[in-house]
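This document starts with one chain, in the form predicted on its own, laid out as structure tokens.
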Amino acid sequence: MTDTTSAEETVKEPSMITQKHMIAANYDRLTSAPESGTKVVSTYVPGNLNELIMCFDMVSNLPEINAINNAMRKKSGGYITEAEKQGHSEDVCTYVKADIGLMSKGAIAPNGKPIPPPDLLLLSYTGCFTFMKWFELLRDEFGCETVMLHIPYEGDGIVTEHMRDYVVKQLKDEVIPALERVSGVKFDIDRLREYLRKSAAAEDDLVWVLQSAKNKPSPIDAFFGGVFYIGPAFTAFRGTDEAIEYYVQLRAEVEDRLARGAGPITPEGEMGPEKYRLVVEGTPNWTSFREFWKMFYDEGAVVVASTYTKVGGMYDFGFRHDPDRPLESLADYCLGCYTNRNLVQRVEILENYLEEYEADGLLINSIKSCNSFSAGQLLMMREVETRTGKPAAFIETDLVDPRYFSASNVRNRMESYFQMIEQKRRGGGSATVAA
């Protein structure tokens, strides 16, 4: 069953309600840290070391998640304006400006309580230079201990033993000692192994859910719905029993839709007949998330695979956290995140998705202020189109800045794109809708 308590309210699957409670509980734990004595570590989603952090009884604060929450609650625009008044450029990542503005306004969490300052800033650098500058700003603001775990870029598309050893050495010599100092808890590698074992179990079910989109009709939307599905595995719950239970529940819901031949659940209920199958490259627009999604399901378009749902781990390409190789596994995880891969690899990933999921075409949502995703996307689009012969489209919005979402422009380009897919089906050849 789905939650349909109000015509104005978004329809939610039971697993979404479960996840909402999980996230609320984590915010409660975070905001109560000063009273409980729990130490706070601020870290990012790509390459986050959640299993390791839990070994030290610390609670995670994820700045991008705060920005996303505030965007979906229509609050990020004011925070961005505040940051720009302080001198931050319009071209700076809007996640950064939303976070800087949030701090200036008292850093209030969704539960209405103040987010405590971090005791430790822990950055796993996975392809986004902006994260480093962001943490420098936070370090200047809070004056707390800062650890930057440098992750070599996969420039040649290969993870070498030297690269892995380099990351493991940093974990041993810098990250773990810092976590011990700040938390006062001694590192226990067996505890880490147990968390990694739980991560792998949850990751198995997550991959099953994502790959269920190979079916026709797809029982899920792997972009808009997918951002909810990845939540526990990409944030503060990987390695927990709660995550395992969530993915068991989610998988059961998807299995039920498969058995009934039903499509994805949208904010307005079960989607109608599947007309178009798309692969999407890029990040969602969070300030108009529901309106953006509606442009797809109103046309019968379902996203069967997306790259954004891989920013926190490429599990569908075989990676699992490995309790038998605990530190090496953490290193491989960081090295393999999507934004740490070169353009050739990204093209191959998109080509694979288009063929394996039998998609009609590729849509790129280029993010104005996100270079780690957007750099090279036009070249990627042309190459994928050449390799697959399937039509592609290019639109541009932003992460959490409402000023850069033009509903009419996006809708017009989407309508033109669906017409081109129809033309391709009639044998009219490929075409591209550019921004």
Partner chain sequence: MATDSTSQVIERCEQLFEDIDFAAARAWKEAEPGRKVIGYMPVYVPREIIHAGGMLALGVLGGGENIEVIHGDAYYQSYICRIPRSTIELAITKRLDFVDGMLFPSICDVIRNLSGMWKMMFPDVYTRYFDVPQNFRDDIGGTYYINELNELKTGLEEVSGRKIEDDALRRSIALYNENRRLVNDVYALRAKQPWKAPASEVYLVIRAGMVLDVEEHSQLIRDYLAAAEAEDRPPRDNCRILIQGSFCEQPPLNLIKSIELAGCYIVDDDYILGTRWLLEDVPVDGDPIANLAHAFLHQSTDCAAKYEPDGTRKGHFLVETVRRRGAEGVIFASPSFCDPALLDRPMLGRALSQENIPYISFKYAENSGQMQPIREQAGTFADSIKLWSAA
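Numbering follows the first chain given and starts at 1. Computed from a predicted model, the values in this text were never measured in an experiment.
This protein has a second form, the form predicted together with its partner chain, left out of what is shown; the following refers to that one.
- Residue in contact with its partner chain in the predicted complex (any heavy atom within 4.5 Å), chosen from 290, 169, 260, 85: 169.
- Residue 137 is the only one of 107, 314, 200, 137 with a heavy atom lying within 4.5 Å of its partner chain in the predicted complex.
- Contact annotation for residue 155: at least one heavy atom lies within 4.5 Å of its partner chain in the predicted complex.
- Using a 4.5 angstroms threshold between heavy atoms, residue 320 stays clear of its partner chain in the predicted complex.
- For the chain shown alone, residue 58 is not a contact residue for its partner chain in the predicted complex, no non-hydrogen atom being within 4.5 angstroms.
- Though the partner is left out of this view, residue 402 does not reach within 4.5 Å of its partner chain in the predicted complex, counting heavy atoms only.
- You can rule out all but one of 216-224, 236-244, 128-136, 249-257: in the predicted complex, only 128-136 has residues with a heavy atom within 4.5 Å of its partner chain.
- With contact defined as any non-hydrogen atom lying within 4.5 angstroms of its partner chain in the predicted complex, the contacting residues in 70-102 are 87, 88, 89, 90, 91, 92, 96, given in sequence order.
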